[in-house]
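Take a look at this single chain, the form predicted alone, given in structure tokens.
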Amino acid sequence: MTGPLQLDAETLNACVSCGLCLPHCPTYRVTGREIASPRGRIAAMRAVETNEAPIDDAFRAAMEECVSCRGCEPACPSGVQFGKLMETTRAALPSPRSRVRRGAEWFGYRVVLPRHWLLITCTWLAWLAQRLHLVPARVGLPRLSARSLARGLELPTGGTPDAWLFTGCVMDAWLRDTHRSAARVMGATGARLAQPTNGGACCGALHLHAGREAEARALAERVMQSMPGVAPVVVDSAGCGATMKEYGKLLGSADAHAFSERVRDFSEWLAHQAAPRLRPTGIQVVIQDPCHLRHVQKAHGAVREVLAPAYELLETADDGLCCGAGGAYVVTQPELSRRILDRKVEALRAAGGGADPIVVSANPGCMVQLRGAGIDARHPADLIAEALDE
């Protein structure tokens, strides 16, 4: 018998409240509050699920303040699936009271993200607003390029390629040049590439994190149909890749499980190919592991493997703690996001010897977040493309 949150009892009760997750939780680290930790949030979930506590504003705030980095999962000796608990809980939360917020979420999640042409149109408007100095820096919008927006990726659509390059929604609109770098590097291995057919733009990751599971499932079905066959699906956005690798759990079908097995992070795929020739650059770069690459995909080692022939790699001492981007988290929780970011920037600068280093990050959200703090953040694909010995 489930309660108002519809949580799986076995998953919920797997937590033994040992507290080993606490040092790995960014919101606990910056607040010191028990309710801001995985252990505290699970205790609150239990209280609501057993009808000992209501779904009130305090409970909603505790759930929404989680950045969903899932750093607690590898640290948990009981293997608690905290990400699944959080997604299910958020899906059960009542709609926000604010009409403005409800309208903004409806427009963003239901109207813009599933329609790539509309997202591109909105990005053009944002580009114009930037040129007219109408976009405050706190919004976190990256510097948009008309030249990049005007040019397509120039990859075939459909067919029977050696690998698909998943282009996504926001990344294709804001960081399309990184897709070009990825395609160039992948092409240097001799692989024949293709991009998804119509309908394969948005993977549903942002929807899933926001508790919009039904919409995420519908988008997942579209993505799967856009890249048929058995060729690997290469993703250069760590957040998208993590969600797509869990389509099997999300949809529960044999087709979804088979599709998830095909998904590879860009660096993960490249590490298993005939390596393109790279020239040693002598440049030092600090590694920033996106949470969903490190904690969910567990593919962060591949980034180091593919960059090592060309760059001198430096590590942070914060055990891969979150940067505070978290998809839409930077918009919904700006104050907490900033405090988490400040810690990450401090760790990155320390790794770089005190100066602002070049930082490599395999997730667009992290790149935008770090660039907003004055960090020169680049994608592994961009760095490798610059080092190609052609």
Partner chain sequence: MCFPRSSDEVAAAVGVARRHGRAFVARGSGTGLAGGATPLDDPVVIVTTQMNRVLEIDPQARVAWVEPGVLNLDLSRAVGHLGLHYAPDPSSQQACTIGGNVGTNAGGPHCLADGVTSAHVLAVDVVLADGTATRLGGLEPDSPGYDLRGCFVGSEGTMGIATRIAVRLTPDPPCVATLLCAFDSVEAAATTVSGIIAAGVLPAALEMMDAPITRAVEDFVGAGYPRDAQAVLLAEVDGLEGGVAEQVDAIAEVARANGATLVRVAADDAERALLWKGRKSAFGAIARIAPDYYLHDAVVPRTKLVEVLRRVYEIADAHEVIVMNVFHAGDGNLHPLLVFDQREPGVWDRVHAAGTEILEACLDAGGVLTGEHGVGIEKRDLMPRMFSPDDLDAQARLRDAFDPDGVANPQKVLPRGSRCGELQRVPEGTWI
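Residue numbers count along the first chain shown, from 1. The shown structure was predicted, so the numbers you read here are calculated from the model rather than taken from an experiment.
Missing here is the form predicted in complex with its partner chain; even so, the following discussion is about that form.
- Taking the partner from the other structure, its partner chain in the predicted bound form has a heavy atom within 4.5 Å of a heavy atom of Arg29.
- Interface membership of Glu64, defined by any non-hydrogen atom within 4.5 Å of its partner chain in the predicted bound form, is ruled out.
- Although the partner is absent from this view, Arg46 stays clear of its partner chain in the predicted bound form, with no non-hydrogen atom inside 4.5 angstroms.
- For the chain shown alone, His24 is a contact residue for its partner chain in the predicted bound form, at least one non-hydrogen atom being within 4.5 angstroms.
- Heavy atoms of every residue among Glu10, Arg33 and Pro77 are located within 4.5 Å of its partner chain in the predicted bound form.
- The stretch among 285-293, 83-91, 313-321, 229-237 whose residues place heavy atoms within 4.5 Å of its partner chain in the predicted bound form is 313-321.
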